[in-house]
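Shown next as structure tokens: one chain only, the form predicted alone.
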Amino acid sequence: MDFQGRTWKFGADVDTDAIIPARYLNTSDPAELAKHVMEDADPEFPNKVKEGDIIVADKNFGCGSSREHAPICIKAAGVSCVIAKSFARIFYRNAINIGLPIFESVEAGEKIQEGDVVKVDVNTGLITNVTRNEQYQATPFPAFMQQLINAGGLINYVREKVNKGGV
């Protein structure tokens, strides 16, 4: 599986309140949350982001609270994946649980610029910056985690297993 999209660049230590401000947590509807994705980091972002776009960030993306709303609203906004130098551990786990592909690469986080078109190979972690004709390596997911992502998250993965009689 590959993703290709236009990139949006954010800095270091983007916390979950910047991803989805707490004032909108009175709903758990993904479509409603998506209307406010990243608006405290960039007020126009919810209006600019398009299906398949990619978020690129510096270190410690998703720090702060443990709320699953943060990766849910990113995914619901149509962002295909997030690339960062590093992720907060709870965000990392929540992203995998809801089926949002995330990739850690220091080089990609440094070199990709906003607006670049980037292609990501989910299986190998190879990131190709189509705009700049460069490649960077992210840590690929183990096979089991790829299955979770391909299923659309942990709940869908388990549902598929139960329906097939495999659990």
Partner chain sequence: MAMTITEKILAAHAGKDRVEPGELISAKLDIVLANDITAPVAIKEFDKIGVPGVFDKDKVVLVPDHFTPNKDIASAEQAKMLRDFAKKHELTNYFEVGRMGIEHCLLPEAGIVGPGDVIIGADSHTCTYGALGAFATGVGSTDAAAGMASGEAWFKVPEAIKFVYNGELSKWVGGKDLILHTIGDIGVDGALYQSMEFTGEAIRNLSMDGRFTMANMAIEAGGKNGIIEADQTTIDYVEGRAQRPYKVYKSDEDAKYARVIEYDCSQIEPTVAFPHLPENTRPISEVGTVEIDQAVIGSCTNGRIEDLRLAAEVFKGHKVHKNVRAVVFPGTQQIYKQAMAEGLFDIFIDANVAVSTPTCGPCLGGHMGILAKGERSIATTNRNFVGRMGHPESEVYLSNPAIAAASAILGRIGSPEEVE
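Residue numbers count along the first chain shown, from 1. Note that the rigid core is defined as the largest set of C-alphas that superpose within 1.5 Å between two forms. Model, not experiment: these values are computed from the prediction.
The same protein has a further form, the form predicted in complex with the partner chain, not shown here; the description that follows concerns it.
The stretch from 44-52, 58-66, 127-135, 109-117 that comes within 4.5 Å of the partner chain in the predicted bound form, counting heavy atoms only, is 58-66. The shortest heavy atom separation between Ala76 and the partner chain in the predicted bound form exceeds 4.5 Å. Although the partner is absent here, Ala151 is not a contact residue: none of its heavy atoms lies within 4.5 angstroms of the partner chain in the predicted bound form. Shown alone here, Thr139 lies farther than 4.5 Å from the partner chain in the predicted bound form, counting heavy atoms only. Proximity of Ser86 to the partner chain in the predicted bound form: non-hydrogen atoms within 4.5 Å are present. Contacts between stretch 14-39 and the partner chain, counted in the predicted bound form as any heavy atom lying within 4.5 Å, involve Asp15, Asp17, Ala22, Arg23, Leu25, Asn26, Thr27, Ser28, listed in sequence order.
Core-superposed comparison between the shown form and the other one: the Cα of Pro43 travels less than 2 Å. The two forms, fitted on the rigid core, differ between the shown form and the other one by 2 Å or more at the CA of Gly152. Core-superposed comparison between the shown form and the other one: CA of Gly115 displaced by less than 2 Å.
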